[in-house]
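Encoded as structure tokens, the following chain is the form predicted alone, with no partner shown.
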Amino acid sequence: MILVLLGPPGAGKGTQGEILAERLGIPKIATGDVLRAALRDGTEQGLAAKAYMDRGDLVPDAVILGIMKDVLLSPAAEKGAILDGVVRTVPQAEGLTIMLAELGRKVDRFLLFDVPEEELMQRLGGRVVCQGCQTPYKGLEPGTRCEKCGETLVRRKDDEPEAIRNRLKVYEAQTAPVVEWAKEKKMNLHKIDATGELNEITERAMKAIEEHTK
């Protein structure tokens, strides 16, 4: 089963992705994580990505998808994977479907985590993240130690109010069209109310997944 998580910054995709991965027994694959792993391990695709990064260029979609392909071919992803942050534009969505088809697979479900903009502003404005493992926290002050790795928690510059508004504008311009693309292609897309208690959101997501697999 291949699940793709969609939604604006602050919608909780990363947190829910971790929970769903544990519930379903499949890995959560985040673009940043696999890119760092490929760079660390010196894989062919990782070296290709490094060449772009060393020049200060963005890593092309083709290279990112090549890294994703390597991960999806690994034994850990034999039963499927949850893709977080892999699809941010329509060309990336198209590239992913082509790459999966080459593997004899497809996206089984797009899960769109939906949160009102006012709540997103509140969530992101009160968030700190670990500068080591990037785990997000709410209600803690910068300088606190991360529970997972012990590194310092910091408030990212892109979590300042003006930066948040800009991130949401970028999402609307680049990522929101993926939703329309998925509808046009008759993909299995389910909008999930991502407000409320953490476990309630998880149950909504699980219901959407279970309905699809019946």
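We call the rigid core the largest set of C-alpha positions that still match within 1.5 Å between the two forms. A residue's number is simply how far along the shown sequence it sits, counting from 1. Note that the structure is predicted; figures quoted are calculated from it, not measured.
This next part talks about the form predicted together with adenosine monophosphate (AMP), which is not shown.
None of M53, A37, A173, C149 but one reaches within 4.5 angstroms of adenosine monophosphate (AMP) in the model of the complex through a heavy atom, and that residue is M53. Put simply, of L120, V128, V86, L112 only one has a heavy atom within 4.5 Å of adenosine monophosphate (AMP) in the model of the complex, and it is V86.
Contact annotation for the candidate site: D57, I64 and R167 all lie close to adenosine monophosphate (AMP) in the model of the complex (heavy atom within 4.5 Å). Note that among 141-149, 179-187, 27-35, 40-48, the stretch whose heavy atoms approach adenosine monophosphate (AMP) to within 4.5 Å in the model of the complex is 27-35. At a distance threshold of 4.5 angstroms between non-hydrogen atoms, T97 is out of contact with adenosine monophosphate (AMP) in the model of the complex.
The closest non-hydrogen atom of D158 lies within 4.5 Å of adenosine monophosphate (AMP) in the model of the complex.
T135 falls outside the set of residues with a heavy atom inside 4.5 Å of adenosine monophosphate (AMP) in the model of the complex. Q122: CA moves less than 2 Å between this form and the one not shown after rigid-core fitting. After superposition on the rigid core, the Cα atom of V63 is displaced by 2 Å or more between this form and the one not shown. Once the rigid core is overlaid between this form and the one not shown, T97 does not reach a Cα shift of 2 Å, moving by less than that. The distance between the CA atoms of Y52 and L103 is at least 3 Å longer in the model of the complex than in the form shown here. In summary, the C-alpha positions of R88 and A51 converge in the model of the complex, ending up at least 3 angstroms nearer each other than in this conformation.
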